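Next up: just one chain, as structure tokens, the form predicted alone.
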Amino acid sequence: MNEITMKARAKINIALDIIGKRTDGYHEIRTIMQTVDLHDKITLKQTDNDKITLITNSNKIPSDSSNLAYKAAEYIKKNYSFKNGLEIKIEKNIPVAAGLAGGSTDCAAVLLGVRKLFNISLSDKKLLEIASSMGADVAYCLTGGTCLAEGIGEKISKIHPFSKMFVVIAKPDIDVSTEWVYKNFDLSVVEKSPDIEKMKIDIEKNNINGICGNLCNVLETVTIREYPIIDDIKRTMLEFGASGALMSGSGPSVFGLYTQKEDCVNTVSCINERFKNVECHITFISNF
């Protein structure tokens, strides 16, 4: 085998709470993350030279060592000495800088793919440690499915799988810096926090009304204040049949959860009519 192709799936945050700020400057979080089927296509190919190269269809992501996917391959090559070179091809479908872990999921796919492609003796536990060192969401993306993430996002525990629902993801033409959002987060102004434990119980019982009634992301207090269009998109989703809607991560993407695909189609049509330059995707919950 000298070539492998993988799906690098996006994530959404069903609930996101911030407990406080750590002494190292990072924020302590509790969040329930869920994989959706919207994905980038990652192709890894062995080459005859000794180089790592990255090719992508997107001009919005770097193709050098500043790319997390490149960095992952570079780390494995340096520390586990796989032979030959590697070509990484990323077909980008997940919106960039959108709160959907697009870069992190590409990184996780490369970690898994390189291990398999070069038959490297690397345990799941060690791979998870490497993923955690690459970025807060990489460890989750390596695991996938329905998970509770704690700490700065590196403490991952699987929970009961989320039921299959349709999902509309809408990303307005806004670039939001995660660093900026966390820097401007003020816990004292948060009026509502998600009940993570109740959310876990509702997911286990497949209580859609309970889940959607408890959707909450405390980072909305920062991002929506700066970009009200996020709240406008949420309202549109609810108007057109979403059981619940929420901003994912630090934004600016918004997702809506639906039981009927027809409502997804109508929502996307309305968003395209009401707003300019909003990228929309219809996808579904994916557990693997």
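Residue numbers run from 1 along the displayed sequence. Quick caveat: nothing in here was measured; it's all calculated off a predicted structure.
The protein also exists as the form predicted together with a small molecule; that form is not presented, and the subsequent description refers to it.
- The stretch in contact with the small molecule in the predicted complex, judged by heavy atoms within 4.5 Å, is 58-66, chosen from 22-30, 236-244, 223-231, 58-66.
- In the predicted complex, the small molecule lies farther than 4.5 Å from every heavy atom of K77.
- For the chain shown alone, A72 is not a contact residue for the small molecule in the predicted complex, no non-hydrogen atom being within 4.5 angstroms.
- Proximity of G113 to the small molecule in the predicted complex falls outside the 4.5 Å heavy atom cutoff.
- The small molecule in the predicted complex is not approached by V168, whose heavy atoms all lie more than 4.5 angstroms from it.
- This chain is drawn without the small molecule; in the predicted complex, the residue among A149, A98, I211, A131 with a heavy atom within 4.5 Å of it is A98.
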